[in-house]
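Quick heads-up: it's one chain on its own, the form predicted alone, in structure tokens.
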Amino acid sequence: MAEHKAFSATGNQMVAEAMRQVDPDVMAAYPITPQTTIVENYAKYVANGLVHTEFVTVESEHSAMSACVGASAAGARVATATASQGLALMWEELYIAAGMRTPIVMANANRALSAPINIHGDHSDVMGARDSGWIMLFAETAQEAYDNTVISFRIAEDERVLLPVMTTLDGFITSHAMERCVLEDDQVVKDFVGEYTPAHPLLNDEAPVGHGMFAFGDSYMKYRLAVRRANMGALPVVEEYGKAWAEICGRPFDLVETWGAEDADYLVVCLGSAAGIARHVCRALREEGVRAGVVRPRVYRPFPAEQVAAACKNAKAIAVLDRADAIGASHAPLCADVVGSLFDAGITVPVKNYVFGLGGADVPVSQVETVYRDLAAVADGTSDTTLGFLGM
């Protein structure tokens, strides 16, 4: 395992570097905060001859994903990036990309949706895409954003999967904050992702195929079931490539990252950058004798239900922190998945759901401390488990 000099970089820089090292055939992209510097940096790599990518400048994110789908269907290795309203504008094409089994890799800098207008980080955008069939990875740090991006190409292009992958990082918190990072050697990344050989390219007159065909109800259901099976079946493939990359770089990869969960009475489950502050609070609580822990799914789609349930099985009470709401539902998105996982595993433990940090709202230590303190009352039945909003 080679030694690498550490340096300071943002999450967006690290994603752009990962894509540079992979050197996809095509990138079609449109700039949008807080993703812009990913494609801005990549455009510089193209202009300076550091990559051989065909960079397609388009008039909108809908066009960007349309171009990506066409290029991928033709047989190209394809990457792009977006955020917020841009991801929402792609909504139609997200389903087409998954339904046509195009292994596109897209970075999303997670950001709030309008209205009102807000450019800061939450998970409202990505949660709107969670049912489209894409595989979804959540990074806590800039380093993880890099690692997740590298392994995303292997996952997407594996013939056991053949689905697009969204590698996500929290807007500004991870996309723009400077962190200590390292890069693997360019050749190491190139060897890891390998040469791309498309499974069913359109531009092959010796084995003609159709993409995006019309389907009546009976065959349409078969297509959608095929996407579901491919997505659900991808979990061991994600783990396989995550572990393989961990062997190379020395940084661990688990479908679900945990801290103190083995003996914790009180657990917080969250995605992305919020895990850092939760662990910070846990350490302080442990010094006070409170057995607190954190569970962080690194993979969100397919949801690692068995792993989440196993991590939570010993807790007396669980809080699920959602950086997005599901208006009209009793639970926000992550909590609904966690509750379903526990139910399927036969685990009966009270779960309290909190929505937090919308639109980049501050999440002070005191707010997370309140969550852990509340769990004692939830555990003994003196507090209800209705959905709460932190900081309100």
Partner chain sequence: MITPPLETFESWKPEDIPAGYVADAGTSVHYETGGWRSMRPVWDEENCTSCMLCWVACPDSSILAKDGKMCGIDYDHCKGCGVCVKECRFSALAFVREHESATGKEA
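The structure displayed is predicted, hence computed values, not measured ones. Positions refer to the first chain, counted from 1.
As for the form predicted together with the partner chain, it is not shown, yet the points below apply to it.
All three of 289, 313 and 316 touching the partner chain in the predicted complex at 4.5 Å, heavy atom to heavy atom? Checked in the predicted complex: no contact with the partner chain for any of the three.
Partner contact for residue 75 in the predicted complex: the partner chain, 4.5 angstroms, heavy atom: Close contact is absent here: in the predicted complex, residue 75 is far from the partner chain, nothing within 4.5 Å, heavy atoms only.
With a cut-off of 4.5 Å between heavy atoms, is residue 223 one of the residues that contacts the partner chain in the predicted complex? Close contact exists here: in the predicted complex, residue 223 approaches the partner chain to within 4.5 Å, heavy atoms only.
Counting only non-hydrogen atoms and a 4.5 angstroms cut-off, does residue 188 reach the partner chain in the predicted complex? Contact check for residue 188: no, nothing within 4.5 Å of the partner chain in the predicted complex.
With the partner left out of view, is residue 209 within 4.5 angstroms of the partner chain in the predicted complex by any non-hydrogen atom? Residue 209 belongs to the contact set for the partner chain.
Among 147-155, 100-108, 248-256, 264-272, the region lying within 4.5 Å of the partner chain in the predicted complex by heavy atom distance: Heavy-atom contact with the partner occurs in 100-108.
Among 162, 71, 281, 182, which has at least one heavy atom within 4.5 Å of the partner chain in the predicted complex? Exactly one residue meets the criterion: 162.
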